[in-house]
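The chain that follows stands alone, in the form predicted alone, written as structure tokens.
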């Protein structure tokens, strides 16, 4: 363990004790800030010194911790009842995630992995009865992930590589929201508090990606089918998540579906790397991780300033708080893949990887283009409904100096990564594009803005079909905005009317699995009759079956 990680671990333990013994926001801020600096120090040494994958995770975790150092104490001031518990658990959650990234494969790794899952569950469930569904989904996903990892770790040396990698794909894929195991993410995010959502989406899901990448070192190279599975499921999951997210009413729920989309692209890049070994895929894989952690952390923390998250009740926030609107616009522009954002740079490298790959992989370019178009539509809808137009409801804004500073930290690093992505990719020896292109695009955008701003303009009322004045009811609601696009995808069942709804098709599948499991458990319970003779008969039958298997 490096000195930076050691300093961060001690600072996190101290912060957790501060939270346990009461609430000292100033000391808590300094300790979290020290932990963030330690992570950055260690991550910079590992990534730029050795090119190690753990360095990328330490870097993005350091950036998120630095932002939370000032954001979290002020945010928890609005949750005085639960603040000490959150203040106690969040540093431990960070510590468990670092333990996963630093632990060797085997029992230490599984210990930190299970600890991370338990702490994540507690942080989601803390919101009370309204969070039960989300916490239960997180818990079930964690159990499924653990089962896959136990199969792989305990089966090493006994099972073939196909079984080992099937277990790894389930174990790490569930945590990385691999389609179709992604449903826990849109369930957990809307019920968790915003700082926890930022950590779940920005950091914890990346450990699933980290595990899949490191597994080739621990268990040997993956079979070919693993690479194809990651490419197909990643790209299909990205398209599916964006389409389903277009109908999401909750702002954080929609951001969760966007996370599934971004993680799908990262998994597709990793699959391309497994199949071809090209550094282009690896560059897209790592660059997208840091970019996603920054812009999604910015958006989740920004949503924490709102007392209301239902899109059909938002609107007009741009005029009430331009700073928050500008920062969210920056995050959404990067998330939409607009140049010169970090996600654009990562997708640019991924395009090249698919174009120069052999076999059928160039077909992935078409899926990437569809994802790009849907992502732009997705974020136009989110920003337009939440920040533009007339207010649809009463929304209180809580964004004090500490919270603003936390958002600005993420925004500054996001702009830096967008303007200098080639510096980040230096350890891979991966070229991107000439460094003047981002600056040229930025200058072009500023010039266009100045030109539009200087043009003569006049203010007049919007044509209102003869009805005065315009009301918020004349604006499209969350589902009305995206309904024309949703009808292009027949696998979604859209119900219109007074309360329009969109079903999640996969929920019916999981509901059927749950009912089957319930039937099996009732069958097992029926065997508990209390009769000693019946239990002896069952043991005799079991013995006969075991002997029969051995003799065969």
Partner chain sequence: MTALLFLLLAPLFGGSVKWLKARLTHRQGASPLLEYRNLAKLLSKAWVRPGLSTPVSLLGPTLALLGALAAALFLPLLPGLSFAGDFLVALYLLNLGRFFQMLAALDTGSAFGAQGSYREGLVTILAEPGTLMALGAAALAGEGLGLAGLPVLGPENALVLLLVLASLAVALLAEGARMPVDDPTTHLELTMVHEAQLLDHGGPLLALYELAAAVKMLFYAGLMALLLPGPKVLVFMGVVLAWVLVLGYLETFGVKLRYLRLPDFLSYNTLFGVLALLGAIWKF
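Throughout, rigid core stands for the largest set of C-alpha atoms superposing within 1.5 Å between the two forms. Source: prediction; values computed, not measured. Residue numbers count along the first chain shown, from 1.
Another form exists, predicted together with its partner chain; not displayed. Remarks below refer to it.
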item	value
Listed residue (112, 213, 348, 86) with a non-hydrogen atom within 4.5 angstroms of its partner chain in the predicted complex	348
Single option in 153, 228, 383, 273 placed near its partner chain in the predicted complex, where near means a heavy atom within 4.5 Å	383
Candidate stretches 338-346, 159-167, 179-187, 256-264 - the one whose heavy atoms come within 4.5 Å of its partner chain in the predicted complex	338-346
Whether 356, 360 and 369 all lie within 4.5 angstroms of its partner chain in the predicted complex by heavy atom	yes
Heavy atom of residue 426 within 4.5 Å of its partner chain in the predicted complex	no
Contact flag, residue 490 vs its partner chain in the predicted complex, heavy atom cut 4.5 Å	no
Interface membership of residue 475, its partner chain in the predicted complex, 4.5 Å heavy atom rule	yes
Any non-hydrogen atom of residue 439 within 4.5 angstroms of its partner chain in the predicted complex	no
Residues of stretch 428-455 in contact with its partner chain in the predicted complex (4.5 Å, non-hydrogen atom)	433, 434, 436, 437, 441, 444, 445, 448, 449, 451, 452, 453, 455
Residue 443: Cα shift of 2 Å or greater between the shown form and the other one (core-aligned)	yes
